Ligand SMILES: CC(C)(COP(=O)(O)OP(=O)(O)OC[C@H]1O[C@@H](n2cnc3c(N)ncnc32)[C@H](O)[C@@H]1OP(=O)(O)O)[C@@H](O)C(=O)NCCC(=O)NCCS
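For reference, the chain that follows is the form predicted alone, supplied as structure tokens.
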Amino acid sequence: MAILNYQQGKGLGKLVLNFAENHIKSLGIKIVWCNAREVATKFYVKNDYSIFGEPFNIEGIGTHYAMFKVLN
């Protein structure tokens, strides 16, 4: 998932994330995870995701963190 820089801060990422989480929950899945760019970790933390493991680099993109959320 990505939101263009000039569209960030408008709630679009939260809408997309909520839609995806609701769909995942409808399938009976209880945990979701992602590889988040370092600059996106604050967004995911605000949406109840937690970092696990050590940061890692994706060549040409940058530092990422594995993150997860238990869906209620």
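The structure displayed is predicted, hence computed values, not measured ones. Start at 1 with the first residue shown and count on from there.
This next part talks about the form predicted together with the ligand, which is not shown.
Peer 1: Leu71 near the ligand in the model of the complex, any heavy atom under 4.5 Å?
Peer 2: No, Leu71 sits far enough from the ligand in the model of the complex that none of its heavy atoms falls within 4.5 Å.
Peer 1: Indicate whether the ligand has at least one heavy atom within 4.5 Å of a heavy atom of Gly62 in the model of the complex.
Peer 2: No, Gly62 is distant from the partner.
Peer 1: Just to confirm, Ala66 within 4.5 Å of the ligand in the model of the complex by heavy atoms?
Peer 2: No, Ala66 stays farther than 4.5 Å from the ligand in the model of the complex.
Peer 1: Would you classify Val39 as touching the ligand in the model of the complex, given a 4.5 Å non-hydrogen atom cut-off?
Peer 2: Because a heavy atom of Val39 falls inside 4.5 Å of the ligand in the model of the complex, the answer is yes.
Peer 1: Mind checking whether each of Ile3, Gly9 and Gly13 has a heavy atom within 4.5 Å of the ligand in the model of the complex?
Peer 2: Checking in the model of the complex: Ile3, Gly9 and Gly13 are all within 4.5 Å of the ligand.
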